[in-house]
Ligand SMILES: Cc1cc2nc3c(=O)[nH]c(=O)nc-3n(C[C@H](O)[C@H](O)[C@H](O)COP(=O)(O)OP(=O)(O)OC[C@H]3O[C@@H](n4cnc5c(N)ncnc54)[C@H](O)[C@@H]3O)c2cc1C
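A lone chain, given as structure tokens: the form predicted alone.
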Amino acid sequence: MRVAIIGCGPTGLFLGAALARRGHEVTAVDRDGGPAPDGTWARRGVMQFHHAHGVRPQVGEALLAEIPEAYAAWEAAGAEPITFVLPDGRGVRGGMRSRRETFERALRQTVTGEPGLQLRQGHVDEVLVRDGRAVGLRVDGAEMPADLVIDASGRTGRVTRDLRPEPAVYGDTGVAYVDRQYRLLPGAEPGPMTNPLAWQADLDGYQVIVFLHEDGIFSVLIVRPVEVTELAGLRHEAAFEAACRAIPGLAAWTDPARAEPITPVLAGGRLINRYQGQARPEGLVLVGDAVCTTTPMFGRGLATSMMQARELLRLVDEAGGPPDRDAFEAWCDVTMRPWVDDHVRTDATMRHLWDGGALDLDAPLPAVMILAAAEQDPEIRPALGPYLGMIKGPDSLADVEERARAVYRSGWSPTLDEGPDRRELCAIVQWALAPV
């Protein structure tokens, strides 16, 4: 089978190599040609390449199943396996401490030169459609025939935009974030951790997160409401560093005696949760972020993409050629869409609470509030591990939802973390940016 893949990001590279190893003839096309001869890799147009990532266990499991050499290269590049300890004392694989760049470099390095896989730099002009079926791509003006076309170009991919239906789920969160990467100084220990992957603090009107990566590198995120325009100034180094000094947990992590910045402040765009059904025509399959996009605070993006890729491979194996696309779409509806719905509910609730609203105890509780209630009711905790590990979907929390509701009906509410409230943070930003 001839396969044309739009996009050489993680999903495209993974599928390309896995399909080539099954004997298919694969060409993956991307405008980005990979790292430059001097090793730098700007990855223009792929904002998330440089931003913070939490890497869940599904990513490593996919590599071990299909491209174990890539997993070994990833570890050799410094990626660190994480183990989570469940309430019953059992340890489970918790993902990897790694930057997205480290993961993608290891994957690309491994699959470059894979027999049957061509990585082609070029511009995809359009999907070729004849008699209601995708039959290839037009790349830089030339036709490239294919029996199967896979769009792994992400949420904002333009090539198939006019072929896609309207999103089935679209949730504008009303939030954005800025982040910056730091490296621990020699001999320095990490700062406070909420769990083995990250530290998180929920403050009055905003949120901060630290993701620990490989080799002592970590990312600091400040998540803010977009309508509070004063906080847009956090994209400036002076304001970002002033905010870090004012928030106790971030002050500990970014203390110059502990760590030094290694990137500028990186400003992210407005965050969207989105679920997309499959495009028409036949012979074209959307996969990865083209199907399922969630906000980065839970670090699920790479995991949902790898889960989709593995299911698509299973369907290709079952068919011995082009997969049953309706079966793939049905699987995504059952397995992927609930995670997007989960984010929509969670993000809407957090914004409502940030703005001073009260939790609606007559509505379904979002997952984040069930997680918080476990602090008061230990009987809730056994249900959290499978959900947090994405072993079970969001509906797995239904059995403990009423227990969580009872916690809130008792009058309890989560305690805000120590630090300036949103009004005070705005003042800090304005002070940091004031002319001298």
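The first residue of the shown sequence is 1; numbering continues from there. From a predicted model like this one, the values you see are computed outputs, not experimental measurements.
Although not depicted, the form predicted in complex with the named molecule is the subject of the following passage.
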query: Which of 276-284, 322-330, 295-303, 227-235 lines the interface with the named molecule in the model of the complex (heavy atom within 4.5 Å); finding: 295-303
query: Partner-contacting position among 152, 149, 220, 96 - heavy atom within 4.5 Å of the named molecule in the model of the complex; finding: 152
query: The named molecule: the contacting residue among 52, 63, 404, 367 in the model of the complex [heavy atom, 4.5 Å]; finding: 52
query: Residue 3: touches the named molecule in the model of the complex, heavy atom cutoff 4.5 angstroms; finding: no
query: Heavy atom of residue 16 within 4.5 Å of the named molecule in the model of the complex; finding: no
query: Close approach of residue 8 to the named molecule in the model of the complex, 4.5 Å, heavy atom; finding: yes
query: Residue 100 within 4.5 Å of the named molecule in the model of the complex, heavy atoms; finding: yes
query: Partner contacts for 167-191, taking the named molecule in the model of the complex and a 4.5 Å heavy atom cut-off; finding: 177
